[in-house]
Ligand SMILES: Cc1cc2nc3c(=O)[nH]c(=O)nc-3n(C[C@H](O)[C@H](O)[C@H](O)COP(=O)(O)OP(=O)(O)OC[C@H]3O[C@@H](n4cnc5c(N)ncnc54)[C@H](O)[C@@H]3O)c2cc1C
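Below you will find one chain, with nothing else, as structure tokens; this is the form predicted alone, and questions on how it binds or moves follow later.
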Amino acid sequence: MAQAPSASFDTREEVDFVVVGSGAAGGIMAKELASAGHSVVILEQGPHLQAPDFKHDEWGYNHNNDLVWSTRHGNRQTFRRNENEEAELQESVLGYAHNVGGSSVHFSGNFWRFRPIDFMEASVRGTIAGTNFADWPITYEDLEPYYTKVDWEIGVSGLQGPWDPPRSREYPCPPMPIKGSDVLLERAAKQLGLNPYPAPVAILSQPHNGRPGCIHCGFCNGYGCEVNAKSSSMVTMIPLALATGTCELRTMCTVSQLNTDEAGRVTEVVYFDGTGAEQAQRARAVVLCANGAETPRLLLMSANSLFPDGLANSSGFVGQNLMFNGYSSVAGIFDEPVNAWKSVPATRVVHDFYELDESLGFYGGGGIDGRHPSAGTPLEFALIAPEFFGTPSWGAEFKDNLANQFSHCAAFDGHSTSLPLPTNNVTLDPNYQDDFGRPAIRCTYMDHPDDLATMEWFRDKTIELMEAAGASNINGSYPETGQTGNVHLLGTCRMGDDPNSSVINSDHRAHDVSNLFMCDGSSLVTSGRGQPTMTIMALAFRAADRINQLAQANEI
């Protein structure tokens, strides 16, 4: 595997910034800080894969977890529904990538902006019992310039929709061509008086910034892009960061602790290198971009006499308020081939239900898009089709059904809100450790009743859409008993103005540690409507701006 060159710093040499994680936020942070002239070391626990390394390996990616952390890679995770249960070891509860670029390498590319309501919804809707529902300390207007920066520097294809929030500049690339399955969604939605429009995606519909357009291979969700059309931080930001000559990328480096001095400032980042040897990189400041599970774990593992409950955790909010986003899916069979497996996962979206009416009696909202029920891959479809459509699971009839159903089926999926609960959290498991001796991540999670009601509502609405589209063999589902894992890991080190109810301020600076910053899914205060990555990237561009300003003013 080829790897881009980078600067090289001695671990005992104090660099300006250590950035932990190279994913959606970390890649942007490193590029922006290094471009401003700062010396930067990126610590990434996975390898630096690049386009030639990716392949259409369904078994390897979907079952061997070749691209995501799991027990197979020594990263143990446990799960329980509440604190009264004993957490049990599971293969992969919290799904995230183990490579440069993080999960932006294998995500579906759906790129919905948050709307103004997402940042102030608690004030508009009021408190919700048993939750930590709160407003953000920033507004959509504060973040809009950075959403636009994501559009153009990361690369997004789309067309302004009827429900989209205001934007200062149009998309750099036109929307993806509509798929046959999404023609059916569009027709059904219009029949019901709704307003479908092209789905914005972080996948190039045409060449942009020196990268090619999509080749429509159908292997997006869960796969790395073999031509670099998917706009991951691995292909958009990391090369620019390394090209500055002031940024070093260290792969296969697993961070275990942040050390502080007597004044409580971070002085070095301790990690295990690719050989298993313990190292410690000295730094003037540290930015954690490790994701909504790894960032709180690292803070909790860094407890010391000054921070007995975990670094930057005087509020007790480190690890709390974990939000997954809700989901539902409805699949159906059509008389003619619709070829939902082709191209990118989604080309049309319905956002008429971004906010559900309060008269329903529960809080929630979200969006609906068209997909293939198996993410468009044949092996996965063979595993789920008999249960979905009530057909034989072996023999000649099984084969004949698969040959027909794979190209004749489509799914309409709902993506919805999750409320922040103190009981939903990431903590350190006392019974399990990873291969480096670090405590395993323990996830405690049970969806709020309003979240379950929202998922059920979207399931029912997408059944209605599927019926209007003319499907047969319609089957709909949502996690009725609660989710047991997800790839959206949000809210666990939330931002806020009050140090008693948040971990970082609106500059992403830890309330308790003046030279420690956090920016990833953990920073979010509310969950949005199911597609958080664009907001994470916009936050990273804004946070880097704020950090650069603080550094120039000698305030770090």
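Sequential numbering from 1, following the sequence displayed. The shown structure was predicted, so the numbers you read here are calculated from the model rather than taken from an experiment.
What comes next is about the form predicted in complex with the named molecule, which does not appear here.
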message = Only one of 183-191, 134-142, 304-312, 96-104 has heavy atoms within 4.5 Å of the named molecule in the predicted bound form; I'd like to know which.
response = 96-104
Distance check, Ser328 to the named molecule in the predicted bound form, heavy atom within 4.5 Å = no
ask   = So, in the predicted bound form, is Asp151 in contact with the named molecule at a 4.5 angstroms heavy atom limit?
value = no
message = Is it the case that Arg438, even though its partner is missing from this view, gets within 4.5 Å of the named molecule in the predicted bound form, heavy atoms only?
response = yes
request  = Using a 4.5 Å heavy atom cut-off, state whether Gly222 contacts the named molecule in the predicted bound form.
outcome  = yes
message = Is it true that Glu121, Ser502 and Arg529, all three, sit within 4.5 Å of the named molecule in the predicted bound form, judged by heavy atoms?
response = no
ask   = Out of Cys253, Ala382, Ile474, Leu452, which one falls within 4.5 Å of the named molecule in the predicted bound form, going by heavy atoms?
value = Cys253
ask   = Among Leu43, Ala510, Leu49, Val525, which has at least one heavy atom within 4.5 Å of the named molecule in the predicted bound form?
value = Leu43
remark   = Of the residues spanning 308-331, the ones with some heavy atom within 4.5 Å of the named molecule in the predicted bound form are none
key: Cα-Cα trend for Leu288 and Val93, given that in the predicted bound form the distance shifts by 3 Å or more   = closer
remark   = Against the displayed form, Ser92 vs Trp59 by Cα, in the predicted bound form, with 3 angstroms or more change: pair is farther
